[in-house]
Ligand SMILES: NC(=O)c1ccc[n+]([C@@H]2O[C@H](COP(=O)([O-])OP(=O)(O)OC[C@H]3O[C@@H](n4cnc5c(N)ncnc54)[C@H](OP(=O)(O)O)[C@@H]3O)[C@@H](O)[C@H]2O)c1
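What follows is a single chain, given as structure tokens, in the form predicted alone.
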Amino acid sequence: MTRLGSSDLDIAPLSLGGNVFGWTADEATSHAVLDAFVAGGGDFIDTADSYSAWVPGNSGGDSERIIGSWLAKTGKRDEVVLATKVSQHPEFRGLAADNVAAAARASLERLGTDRIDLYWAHYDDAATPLEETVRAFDQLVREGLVRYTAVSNYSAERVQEWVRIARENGLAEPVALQPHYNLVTREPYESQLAPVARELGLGVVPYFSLAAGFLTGKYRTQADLAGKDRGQMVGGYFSEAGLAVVDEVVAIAEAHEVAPATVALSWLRAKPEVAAPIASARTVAQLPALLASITLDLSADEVARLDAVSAQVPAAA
């Protein structure tokens, strides 16, 4: 088990992403994935109130509703650490205090629970004074609706400012940071955010850990993307240097007789501040590769090989 930042949340070092629930996985399939995830030793579920508002016919909160129906069916609420986010739901945009309070209550209703274990500020809101947002999150903790707060997609400077405000005013401090970080996207996390996470004791929970599936090795040419739900996202990772990373991941995976996804996630887990990479599964068949990363420890040489080849990938502009 891994302790998440300065909290008392002990988690298996893998988070199941709920972005596919209600998108590429219907309710029955999502329930099966959740069943298999918990049966396989997973206990950390990450979603957002905006998932999956981008799908025709959806309105946002779809993933939360599916997770809530699973919790009601299985009674496993106390067996999982539940994380969700605020700021992007079509009806609850931004991080003004009244909006945060209303959005949290709406999430609790959809999830069918009395508390959110980890509540993320999904994206920074420059239109709202940061102190207002920090106080709003603190109020949710004081009311017992949220156990711990966290920040996602924030710059290093804004994370530091959030913590400064919290400390100066005796408010709840964030315990975790959720950045875009993987073998083909190492910046700006490594140079800017990792030092801040280290300094402030934040547990890091990277998203796009598998680069939208690119690091699984199943997309080796642009033709492989044709008709795929994530084609546009994956396409941004294609480059000669990116494919060289995939080749190295595959080579190490073959040596361990595991899937490439297992190696990509294990590389993240080897990074000091990383508590649990996020990875999603739209089918039960995709889960074993993800769960295997919990126990696969790469050697120092393997980590160094992956570090070296991934360092050749140009940082995004």
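Numbering starts at 1 and follows the sequence shown. Predicted, not measured: the structure shown is a model, and the values here were computed from it.
A second form of this protein, the form predicted together with this ligand, is not displayed here; the remarks below concern that form.
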Between this ligand and 19, 85 and 207, in the predicted bound form, does every residue show a non-hydrogen atom at 4.5 Å or closer? yes
Single option in 174, 213, 203, 242 placed near this ligand in the predicted bound form, where near means a heavy atom within 4.5 Å: 213
If you check 263, 279, 34, 275 against this ligand in the predicted bound form, which one has a heavy atom within 4.5 Å? 279
Counting only non-hydrogen atoms, which stretch in 89-97, 68-76, 115-123, 191-199 is within 4.5 Å of this ligand in the predicted bound form? 115-123
Indicate whether this ligand has at least one heavy atom within 4.5 Å of a heavy atom of residue 219 in the predicted bound form. yes
Under a 4.5 Å heavy atom criterion, is residue 51 part of the interface with this ligand in the predicted bound form? yes
Answer yes if any heavy atom of residue 289 is within 4.5 Å of a heavy atom of this ligand in the predicted bound form; otherwise answer no. yes
Please run the contact check for residue 46 against this ligand in the predicted bound form: heavy atoms, 4.5 angstroms, yes or no? yes
